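Just the one chain here, laid out as structure tokens, in the form predicted on its own.
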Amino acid sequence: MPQFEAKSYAFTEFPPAQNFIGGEWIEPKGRERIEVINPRHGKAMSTVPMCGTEEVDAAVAAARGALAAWRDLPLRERAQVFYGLRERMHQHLEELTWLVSHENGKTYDESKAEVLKGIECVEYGCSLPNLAAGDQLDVSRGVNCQIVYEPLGIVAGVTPFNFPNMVPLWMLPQALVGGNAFILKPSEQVPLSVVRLAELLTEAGLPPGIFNVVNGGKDVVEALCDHPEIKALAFVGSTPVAKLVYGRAAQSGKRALCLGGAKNHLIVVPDADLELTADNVVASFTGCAGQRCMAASVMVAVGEVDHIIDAIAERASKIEVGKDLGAITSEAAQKRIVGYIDDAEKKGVKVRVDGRGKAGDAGGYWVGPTVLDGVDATMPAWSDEIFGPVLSIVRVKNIGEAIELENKSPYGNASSVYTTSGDIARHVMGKVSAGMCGVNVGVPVPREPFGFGGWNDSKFGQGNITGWDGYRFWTAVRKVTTKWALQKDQNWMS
């Protein structure tokens, strides 16, 4: 596959995506192809095949043939591949950035930040030889117990449209350094960044068959869930699909970790710092056009905070669509987001900032920053994951009501509080029902080595998908107890 040649937002085509199986690009025969749309321009920049069980079987066969030699390599040698990947990602930083921007619709700066975060995940993989040394202890006279982390075998991942470069790298370093062979199904909306990752991993020395890519939709996901040789599966996407995938994978005996959607609440109290809060809230709900599971979607206004709401509205209204805010991923998503705004307005909500009708480059899919004031807990604008640059403001009288409102949401990805009071911060952090929390931080994504993962209907399965939990997810713990000499005295272990 050639490099992506774009140097600007100008429309640029890319060769049709293929499957990557056994170290080779494979063109599936007789398979339907769908268009890969550049959201900024609203037209196809490539195509992707819609595959199924046959291609998954081929990927499993390739992984099976390569697995024994890979898992026999020392952990440190497996990690060397990721040192090579890190170097190549830095060398190709501009190319990878523009590729994310074109297939996903993000701005250049947001796309670059995504690739740099992906590199950080790769660096964690490089560090695993220093972290994964199993503990051992002489537990009795002449008796030693040791922990060893063993690969599961062939594993798989399904990744979403909103972070085509980063989310695969939530999974690959831990899984591959752990000694597994991996099959990835990227979102059919954004398969092209994974094409380049496959090329760079190969250049970095990853053996053929250890990383395979099968493109497609529901049929591929179901085949990955059902295949008896695939021992673990990770998924990132919407909550309804995450729940289905988790159930189907678990039913077939797999280890599964499936991350779903979110409805993140930012609680703002009167003593919050005006400048910090206004800038931070706007950045949270407009970043990546709101198409991220950690974006603020509900602001819970506690008491008299109109001065902060006014500042948020003012800053949001100055954001330039196309320059400061990227495109919506598809026409269907654009219409769905506008539908939520229309519905809230019909129900009497005040549209403080209206993003309907905004446009960046001609022909693309756009919604500008939108601030809805006066939303209540009976409205879809409060309960549903809109996944766009829309902030719903709900007004409450006190902190108790704010926490109660946050805990009514079935989701549990993230929650933040804006305050200058340590007492309020501690109180809120101890009461909200969310796995990732922030104090004066609107997107409380944990940096490596701290793991990413929410609670409730935002996650199905145990543990986090990144960090040390991620390594443990892709490996099995073996306990080895040894004794080499007969002791003169005895206890119950003797």
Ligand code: NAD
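Numbering starts at 1 and follows the sequence shown. The structure displayed is predicted, hence computed values, not measured ones.
This protein has a second form, the form predicted together with the ligand, left out of what is shown; the following refers to that one.
Undergrad: The chain here is shown without the ligand. Which stretch in 184-192, 127-135, 275-283, 82-90 comes within 4.5 angstroms of it in the predicted bound form, by heavy atom distance?
TA: One stretch meets the cut-off, namely 184-192.
Undergrad: According to a 4.5 angstroms non-hydrogen atom cut-off, is Ala311 in contact with the ligand in the predicted bound form?
TA: No, Ala311 is distant from the partner.
Undergrad: Against the ligand in the predicted bound form, would Lys347 count as a contact residue? Criterion: heavy atoms within 4.5 Å.
TA: Output for Lys347 is no: heavy atoms all beyond 4.5 Å of the ligand.
Undergrad: Mark Gly326 yes when one of its heavy atoms lies within 4.5 Å of a heavy atom of the ligand in the predicted bound form, and no otherwise.
TA: Gly326: no contact with the ligand in the predicted bound form.
Undergrad: Quick check on Trp98: any heavy atom within 4.5 Å of the ligand in the predicted bound form?
TA: Outside the cut-off, so no.
Undergrad: Of the residues Ala204, Ala301, Ile399, Val241, which one places a heavy atom within 4.5 Å of the ligand in the predicted bound form?
TA: When the ligand is considered in the predicted bound form, the option within 4.5 Å is Val241.
Undergrad: What is the one choice in Thr370, Asn180, Thr159, Asn165 with a heavy atom within 4.5 Å of the ligand in the predicted bound form?
TA: Partner contact (heavy atom, 4.5 Å) among the options: Thr159.
Undergrad: Hey, with the ligand in the predicted bound form, do Gln174, Pro444 and Gly470 all fall inside the 4.5 Å heavy atom range?
TA: None of them does, since no heavy atom lies within 4.5 Å of the partner.
Undergrad: Counting only heavy atoms, which residues in 206-231 are within 4.5 Å of the ligand in the predicted bound form?
TA: Contacts from 206-231: Gly216, Gly217, Lys218, Val221.
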